[in-house]
Structure formats: structure tokens, C-alpha cells
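Okay, so here's just one chain, in C-alpha cells, the form predicted on its own.
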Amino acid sequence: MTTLPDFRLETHFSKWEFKARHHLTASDAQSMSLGDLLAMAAPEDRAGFEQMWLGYTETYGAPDLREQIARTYVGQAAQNILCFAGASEGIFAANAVLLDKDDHAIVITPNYQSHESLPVSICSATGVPLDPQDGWSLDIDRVAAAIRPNTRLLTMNFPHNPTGAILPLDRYQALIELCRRHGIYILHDEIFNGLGPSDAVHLPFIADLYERGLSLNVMSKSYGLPGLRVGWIAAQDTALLSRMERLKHYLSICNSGPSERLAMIALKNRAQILARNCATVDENMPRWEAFFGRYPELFEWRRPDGSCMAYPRYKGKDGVEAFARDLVEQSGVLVLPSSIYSSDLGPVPEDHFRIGLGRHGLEEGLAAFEAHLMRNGH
């Protein structure tokens, strides 16, 4: 088995996420307590959680949970849903089942690292970068130029991590049609769908539009419930889901039963939870905008289209790596420098850093951030 490279983001978080006093780069929405989630439950669902049998669950996921997940799509049923222990397991399974050494993959960059590292560990791959001068959008002609006769998979993520960009609908549809003509699967990481400024316009789920589309989602990000470790892939291709289910026998085998019951409760209250989390983004957006507005010589700000992240540019002479390191080591303020999103498939911007907009308590972190700038002569 090919040795995978160090996972830069997770290694960085392993060092700093629970040590830094001010976590200003979170990619998940504000979470809630078990009690708060259970308070949303209908009596029968709460009883189902409290009285459940703590045995194995079905590898595909509990049937009623899969039915509830399917309701978040337009044209899917329970048979089109395969649950995973988080989104990362789904990414691993999709790449492992779809690709072999003679295939070719197209990766949209920058990206969450496993979307690049996994296909590269299996087969040849080509990176197609988003364009920061075009609102971090995607040039469909560049994707077309990257296609080879053996191209099997394209992987992408909108709303995008780390920029918060959402692909314009016409480009999204053109991309699907391009992949349809060439028989290419699309793994679309949609874990931030539904989260962002309240006026955000999100893309339709790929599984609803494309017969070879794989919709990856999870309770962690838009719902703010990463502790549940419940993710899924929705797809029209049920034979492919069956192959991934058999691979899951080597991975988690099945999800946590209590987590499945809690995910059911959250999904039944989906509208309320998403509205709550988007309201937090709405509250934090002007705070970040005002902050960057005070330092135009130091930062270049772009408002994200969706998600709870943004990717401002750092213009200081010391460079973003030194800036981010000093910020956390001297002042306990954690952001993600662009080296976390470096790519072996081609150049990506090296002067940005990721911030989060989805958590409470931003004012204290911003005060520490600004105090750091003052101490360092900015």
C-alpha cells in the first residue's frame, strides 16, 4: 500500500487547535450540546436515542437515517445513500473504488488535501487551479484541456475550502455536461452546502443532476456537529455505492448507533439548525470586514460566497507563513497559512490565510488579533 504524505492541515490542528486561545480559522459552524440537540427532538426520537440497543448498525447506515438524508435531496431515495464515519472515510472509499493505477484524475486546486493526496497515491492526476482574479472561479476550458482518454474522476468542492467561493451555476452545468460527454465521475464535496451568509445561493446537489455524480456530505460542517462523525455519499449509481459499502467492511464497518440517532434528530430540525448557523455567519461577516477595512495596506479582503470561511490575502513583507506563525506563538491567535493548501499538481497562491466566520466569541479573538498587530508596529 502506498504511504500517504503527512496531512498538513490535520497535523497543524493537532499542534494548535486545542492549545491556541483564539481559534479564528474553524471550518465548522458553532456546535451545540447534547442537551440542546435533544431539546429539539420529538418525544419518539428522544426515546429512540435513550432506549436504543448498543449493538452494531447496518453498514449502509440505519434505514430510517438514510431515508431522512435522502429527503435533503430532490430525487434520491434511501437506496441512493451510503453512510460513513465522517466525510474523510467517504473520500477514501470513493477514490479507492473508482480509481486504479491506469486511470487519470482531475483535481481542482487549492483543495482539502485528501482530495489530491488520495488520487495521486493511486494514479496520475492533473491539477486545475481556481482563479483568484475571477472570484476563485473555475475555467471550464482548462478542465477540458486536462481530460485524457483514461480520465475517470474529477473531484471538487463548492462552497470551496478555503476560499468560500461558489461556482456560478452556468459553469457548474457546463462542467457536468463536459464530464457527461467523457463518462467522468464527479466527486463533489458539498459539506458546506446550505451554510454561509443568509443571502448565499447554493448549487444543486450533484447527485440530483448527474448520473455519475457523487454528493459527499457530513453532519460536521453546515450542521456544526462534528462530534457525531456521521457522513454520507449520495449517488444515482447504486452499484458503485455497493462497491464502496464492501470497502467499508475494511474501514469502520458501521457507524456509531447513538450518533445515527442524534443525526436523525438534527436532520429533522435541519432548517432551524442551518438558519441558526447562517445567522452566526451574518453576525461575524461585518466584524471581519471592519477589521480588514482598518488595515488595507496589510490585507486584501474578499467576501466569501458561502460556507463559514474566507481566504484573505496578506500583503506584509514578512510573508504569510511567518505572520501566521508569530500570530499563534506570540498572541495565541490561530489562522491557517496558505502552505496548508499547497499542491504538488501546480502553483497555488502563497500569500493567503484562512479565517472562520461560523463560531461564537469572535470579538475576543479579533481584539487579540488587533493587539498583536499593534505590538508589531502595524
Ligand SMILES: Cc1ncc(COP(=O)(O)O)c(C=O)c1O
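One-based numbering along the sequence shown. Because the structure is a prediction, the values reported are computed rather than measured.
Below, we refer to the form predicted in complex with this ligand, which is not included among the displayed structures.
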request  = Pick the stretch from 70-78, 186-194, 125-133, 287-295 whose residues have a heavy atom within 4.5 Å of this ligand in the predicted complex.
outcome  = 186-194
ask   = Is there a heavy atom of His115 lying 4.5 Å or less from a heavy atom of this ligand in the predicted complex?
value = yes
query = Closest heavy atom of Ser338 to this ligand in the predicted complex, within 4.5 Å or not?
reply = no
message = Is Arg302 near this ligand? Define near as a heavy atom within 4.5 Å, in the predicted complex.
response = no
ask   = Even though this ligand is not shown here, does Asn277 get within 4.5 Å of it in the predicted complex, heavy atoms only?
value = no
message = Check for me: heavy atom within 4.5 Å of this ligand in the predicted complex, for each of Ala93, Gly213 and Gln236, yes or no.
response = no
task = Would you mind picking the one in Ser220, Thr151, Thr155, Thr163 that has a heavy atom within 4.5 Å of this ligand in the predicted complex?
result = Ser220
query = Which listed residue (Arg229, Lys268, His104, Arg243) meets the criterion of a heavy atom within 4.5 Å of this ligand in the predicted complex?
reply = Arg229
Residues within stretch 86-107 having a non-hydrogen atom within 4.5 Å of this ligand in the predicted complex = Gly86, Ala87, Ser88, Ile91
